[in-house]
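Just the one chain here, laid out as structure tokens, in the form predicted on its own.
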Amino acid sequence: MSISRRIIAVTAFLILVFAVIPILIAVSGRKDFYYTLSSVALLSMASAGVWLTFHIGRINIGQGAYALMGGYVSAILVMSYGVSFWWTLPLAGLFCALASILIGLPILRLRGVYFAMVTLVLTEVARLLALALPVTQGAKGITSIPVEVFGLTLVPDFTMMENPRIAFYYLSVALMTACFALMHRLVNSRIGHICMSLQQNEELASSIGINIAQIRVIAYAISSFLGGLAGAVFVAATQSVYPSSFTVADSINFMLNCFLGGLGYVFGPMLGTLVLYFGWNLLFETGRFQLLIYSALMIALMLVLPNGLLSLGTLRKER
């Protein structure tokens, strides 16, 4: 894609999410969509982190653990220590990044399938810790988390859908936009090319002097930072965090978002999250057949489009 076309595409995207969508929501009166689209934006950020671990040739099924940790770190800092919500966002991300380094140093040396199986249990471990630790208040969770915006305390009521706040929509979309812009820059940088070489042939990359262990840890830390950041904002938007806020099913969905959108495309997680989120809700009308139809459609899509939905453009060009 030429530079001019990229500029046009980026401009169109920014106008769509920051102007057109809010106008359409205001006209339709469906203010509940602010919460829905905020959730999609935050979940796509967490999925972007999972995509980055795919980029180094590792399958990450533990992103829900870092989203849960990020949510609890933010809530505890706000409720117990009076830290401003805005400061808790980077702190939550950094906490998750540091935790991922400690966890990743030993497990990132494992082969891909073993790494995937270890990450699968991380979310359940995080949930059990949230249940057991006094600071997390166990099964009661942490609720009514105050959020300050420009010096004013903002407590949104997304649960009743009577007083949704457009502020969280703009915050979530802005973070998502920044996240994918940085991801695009990272993937197309020297480090991104090194990550791609790890995915293709680790032995060859090691033979030319690339520190494989260091690159893996860096990528995993960035991935976990995004998960923690998304979890922190999600908790503020919902005004609560419980041990069940992010489960193993969420970790699997983060991975599926990447597959559905396309593992070969930086913006695959964004599209995959959007389609999977709304697709699952649409299938709710099918009742008890929801899971069956969902599974069949996912299998069919992966067979027909193994490179994800974004590969449709490539198939058209080939024809």
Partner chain sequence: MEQVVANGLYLGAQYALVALGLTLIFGLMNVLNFAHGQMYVLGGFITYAVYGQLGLPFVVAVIASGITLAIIGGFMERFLFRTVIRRSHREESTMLLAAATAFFFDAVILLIFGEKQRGVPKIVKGVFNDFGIILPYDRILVGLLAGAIILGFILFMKYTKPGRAMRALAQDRMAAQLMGVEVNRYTMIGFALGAMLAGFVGGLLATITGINSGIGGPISIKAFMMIMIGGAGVVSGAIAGGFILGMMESVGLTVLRQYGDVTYLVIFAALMVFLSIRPNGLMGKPWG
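Residue numbers count along the first chain shown, from 1. Everything numeric here is computed off the predicted structure, so don't read it as measured data. For the two forms, the rigid core is made up of the largest set of C-alpha atoms that agree within 1.5 Å on superposition.
Not on display, but discussed next: the form predicted together with its partner chain.
Query raised in the report: From the list Ala213, Val135, Ala178, Leu128, which entry has a heavy atom within 4.5 Å of its partner chain in the predicted bound form?
Result: By the 4.5 Å criterion, the partner-contacting residue is Leu128.
Looking at the partner-bound form in the predicted bound form, is Ala41 within 4.5 Å of its partner chain by any heavy atom?
Ala41 lies outside the contact set for its partner chain.
- request: State yes or no: in the predicted bound form, is some non-hydrogen atom of Leu171 no more than 4.5 angstroms from a non-hydrogen atom of its partner chain?
  value: So Leu171 does not count as contacting its partner chain.
- Message: So in the predicted bound form, is its partner chain close enough to Ala26 to count as touching (4.5 Å, heavy atoms)?
- Response: Residue-level check for Ala26: no, no contact with its partner chain.
**Item:** Heavy atom of Tyr34 within 4.5 Å of its partner chain in the predicted bound form
**Value:** Heavy-atom contact with its partner chain at 4.5 Å: absent for Tyr34.
(Q) Within 4.5 Å, heavy atoms only, one stretch in 266-274, 26-34, 42-50, 286-294 touches its partner chain in the predicted bound form. Which? (A) This holds for exactly one stretch, 286-294.
query: What residues of 235-265, in sequence order, lie within 4.5 Å of its partner chain in the predicted bound form by heavy atom?
result: Going through 235-265 in order - heavy atoms within 4.5 Å of its partner chain in the predicted bound form - the hits are Val248, Ile252, Met255, Leu256, Phe259, Leu260, Leu263.
Threshold 2 Å Cα movement between this form and the one not shown at Gln290, rigid core reference: Yes.
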